[in-house]
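Only one chain comes next, encoded as structure tokens, the form predicted alone.
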């Protein structure tokens, strides 16, 4: 049985199925007691696993169709984001945002609330305006934005069915330039936080959380966004990877070289292993109004987890209305941690961060490593009970549940 991308989890499913047709997926779902969909395997835990049949959709016929009148695109859920982005760009269209990796599937990114960065930019899930889903009886149903529970269906952790296609809002294609700055003093960053995070269309701050300065600031600008300019920092004159010692060949073009949105918004290039490839990841999304407190807590704790850390990242995400989104109902600051691949040591350190951040309303990224369970998460997700009711109606026998959802959510 295969492992996930980081080799931090070996899938325990009794069977791995790669159907060639939609009808075959429907038959698999109807005939089996436990089923889950597996995307590109970029979740770091057992989130996508099952003790039944694990269904991979990458062999299904892929499609990307654009409705120019409505400015939407309907895409196969098993396609990689990089493939969707290239298809859209070739037709003159684009997504307003992309996560750091173009290597992940559309459905996987949406189901976990994955995101890029930008003060006015929401997660990929916030662009969803329609879904096609195979329910536990094998029937295919359409879920549209005007339906009352739609906001519960989008970021669903795979608990409501097998998503086969997604309709997304799109915009006319655009170009992006990327600049990197180094050695921005921490005190300047904290004092000018809003200004720094608004210095481009998409901004990421990379840090080890120690020392007097953040390591790097990546600023991605469009023709209509602010020009990249960062006082008290040093402009990089050669391409840089955010993780010390890693090759800059793996990252998207920097130095202000203009290129298509899908070749600049992600941090990593399609043809290369993203990040370090030998890692675990954690992320907490904190209400933006409490960002200063959250940053202070993490810096205070940094000496205790520094030996496990490869790099940290700070991003911003606009709020949305999706029940299980990390940005539900308010703008957030995402605090990301790329760890060494040391499962036990990392999970021993996570309670330190959660004891500091959860009281501030932090929500963990569903696809990454965390230890909080429902008793600690209910306050963060006001619609969690509504989602549980939606799950009971949609999948009363728990066909799409698994060990992760039982451990974290109690079902």
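Nothing here was measured: the structure is a model prediction, and the numbers come from that model. Positions refer to the first chain, counted from 1.
In what follows, reference is made to the form predicted in complex with a small molecule, a form of this protein that is not presented.
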If we test each of 143, 157, 203, 176 for a heavy atom within 4.5 Å of the small molecule in the predicted complex, the one that passes is 157
Residue within 4.5 Å of the small molecule in the predicted complex by heavy atom, from 29, 57, 346, 353, is 57
Given 356-364, 65-73, 31-39, 380-388, the stretch touching the small molecule in the predicted complex at heavy atoms within 4.5 Å is 31-39
Residue 109: touches the small molecule in the predicted complex, heavy atom cutoff 4.5 angstroms: yes
Q) Any of the heavy atoms of residue 213 lying within 4.5 Å of the small molecule in the predicted complex? A) no
In the predicted complex, residue 114 touching the small molecule (heavy atom, 4.5 Å)
yes
Could you tell me if residue 163 has a non-hydrogen atom within 4.5 Å of the small molecule in the predicted complex?
-> yes
